[in-house]
Structure formats: C-alpha cells, structure tokens
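Below you'll find only one chain, the form predicted alone, shown as structure tokens.
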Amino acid sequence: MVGFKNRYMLMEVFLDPEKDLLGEGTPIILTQFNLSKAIKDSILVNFGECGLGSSLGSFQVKYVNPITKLCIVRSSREEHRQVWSAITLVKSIGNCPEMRSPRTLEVWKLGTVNYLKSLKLQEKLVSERKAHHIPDTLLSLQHPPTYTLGKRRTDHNLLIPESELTKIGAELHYTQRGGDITFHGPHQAILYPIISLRSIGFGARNYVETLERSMIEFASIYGVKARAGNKCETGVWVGDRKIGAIGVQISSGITSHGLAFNIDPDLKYFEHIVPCGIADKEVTSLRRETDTLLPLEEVIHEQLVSCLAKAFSYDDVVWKEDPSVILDSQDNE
C-alpha cells in the first residue's frame, strides 16, 4: 500500500530476514538502524553518491515491527522510485543475506535478423512477459542495413529519398519506440531487453540511464572514456561523437526496443540521416576510438550483455545458443 502525506510518500514493506541464518542458528533482530543502513548502502551501490545525497533529505525508516516484519519507509515523491528500487536491490540486512529472490536474465543470441521479424518477436515476448509466462529476456542481435523512425515520425531527418534506399541496400521502418531516426546494421551490437520495470521499481528515466551506464562500462573495457549525453542528448558519447544509441518502448511496465552500440559499422550510412535528430554531431565506433585489438564480435556482444546484466543487478544470466528455437516458434504461430 502506498499513501501520500503532504509532500512525502509512505511505503509499506514486508521482509523475511529469517530465511537465511548463515549457519549460526540465530536470526538477526530487525531494527530501524540496520534496515536504514541496508537501504542507504543499496542506494550508494546502485545510484552513486549523488543518488544517496538526493535521497537523504527525505528518506527515513519510520517504523519496524520485528515480529510481523512490517516496515514503513518514508521518502519524498521525487525520490520514491529511487528509494523503492534500492529496497528491491538490497542484498543483506546485517547478517541476513539475499533479502530478495535471485533475478535471472534469459539471453537469446540471434545473430543477424531481419528488422520486421525482430519487431514481431519483441511484440510476442512483451505479451508473454506481461502474462508472466517468461522471465526477463534479452535479445542480442544485428540487423541488415535498416533505418528506423520513432513514434514522432521525424521523416525530415532522413536526408535521402525513400526511393533511393534500395540502391544503398537499406530498408526504412516506422516504429512505436521513443527517440528519433537511427541506423541499424552489420557490426553493431544491438540489445533488446524485454524486462519488467515494475519488478525492480524503475521508472523510464532510471531505465534509460541504466542502459547508458551499461554501455559506458562496456566502453571502458577497451579504454574508451564514454559519457551520457548532455541535456536532450540520449545515448552514449565519446567527446562530441556518438557511439551508442537508445530508443525504448514501455508498455504496462514491460520494455522493448533498446540500445545499439557501434562496434565497426559502415559509418557512411549515417551520412544519409540526422542521427537521433541531433545535427552537427559525428558518429563514431569502438574500432575508431580504441587502440586495443578487438576480439570476435560474438565476444563483444557477450561482454556488452554482461555489463547490462551487472548494471541491472541480475544474479544469473542464462544463455540461449539456438536462435531457431525462438525464431521458428514465432513463424509457426
């Protein structure tokens, strides 16, 4: 139950700190102090010092019943999503490990997939995730040369007549995701998360920022200092050059579409659009920005997936190696 009182939000939380005893045979005594410390530690780990600083002004554990395990946590309306996310990601209270259930991400390695086919697959998986028929799922793939437009329909940012697209071997598709026009093609790492934001207490902004963090962490593996975009600039940048794009759709708390990270695509395709609607900015790639010898692209995809799984605090990643299982099942429906 959630209720408002003046400018604060009160959250009722039920905990079971007795489920793990670390072999000591004695459960911890749940107190306001150790619960408050656990939540603050979680905010620091998952949202950094700035996140902790912004929450401290309003965050407070108001009540703890060590018998019923009912806890009441107060937060401001502005920070309640962050606090709630931190609560769901708490791993220990005092001596009690793993307060939450382990979270698993199922990853399908699909290779190169036609864009429309991937779109229909996402729609199917979103419906199944809404119905709790599948766990959080991630599609890891590439597309043939494809331009996509978001729901704002900014056709003016396509700088080439549609009739000319076939001459350069590209397709154009309209979608319901956020964001502007972008390009997908070979030698990009594309990830489409089909995950429940409600289960982790994330809002849209936290979700996009976490996608950005996963790409920034990945770039650092190769010594590339990437950053999140400035105001009105989504995605990930190296200086003023864009290396990773984000465009998402959220329906009833379930995500689709996602991110595209440039490994070594043909950057000439970007000359035919205003990428993401941002003029006078260059597009770059991992190949251009690092002096490190790049491994096989399959390895790079796996590294990016691992960074995303870490950013979203998944405990386990289950790799699905046979794309025909999921793609053929879609064709048969």
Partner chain sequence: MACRLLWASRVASHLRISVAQRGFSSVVLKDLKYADSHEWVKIDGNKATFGITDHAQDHLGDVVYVELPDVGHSLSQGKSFGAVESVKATSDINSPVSGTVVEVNEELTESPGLVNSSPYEQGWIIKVELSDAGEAEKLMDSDKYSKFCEEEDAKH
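Here the structure is a predicted model, which means the values were calculated and not measured. Residue numbers count along the first chain shown, from 1.
Keep in mind the form predicted together with its partner chain is missing from the figure; the text below concerns it.
Enquirer: Considering only heavy atoms, tell me if Ile246 and its partner chain come within 4.5 Å of each other in the predicted bound form.
Expert: The answer is yes: Ile246 has a heavy atom within 4.5 Å of its partner chain.
Enquirer: Should Pro186 be counted as a contact of its partner chain in the predicted bound form, where contact means heavy atoms within 4.5 Å?
Expert: Residue-level check for Pro186: no, no contact with its partner chain.
Enquirer: Would Ala204 show up as a contact with its partner chain in the predicted bound form if we use heavy atoms at 4.5 Å?
Expert: It does: once its partner chain is placed as it appears in the predicted bound form, Ala204 has a heavy atom within 4.5 Å of it.
Enquirer: Indicate whether Ser76 is a 4.5 Å heavy atom neighbour of its partner chain in the predicted bound form.
Expert: Close contact is absent here: in the predicted bound form, Ser76 is far from its partner chain, nothing within 4.5 Å, heavy atoms only.
Enquirer: Any chance Gly179, Ile200 and Thr234 all have a heavy atom within 4.5 Å of its partner chain in the predicted bound form?
Expert: Yes, each of Gly179, Ile200 and Thr234 comes within 4.5 Å of its partner chain in the predicted bound form.
Enquirer: Using a 4.5 Å heavy atom cut-off, which residue among Arg129, His143, Lys242, His80 comes into contact with its partner chain in the predicted bound form?
Expert: Spelling it out, the residue with a heavy atom inside the cut-off is Lys242.
Enquirer: If the cut-off is 4.5 angstroms on heavy atoms, which of these, His133, His173, Arg152, Lys225, is the one near its partner chain in the predicted bound form?
Expert: That would be Arg152.
Enquirer: Among 251-259, 215-223, 82-90, 165-173, which stretch sits within 4.5 Å of its partner chain in the predicted bound form, heavy atoms only?
Expert: Of the options given, it is 251-259.
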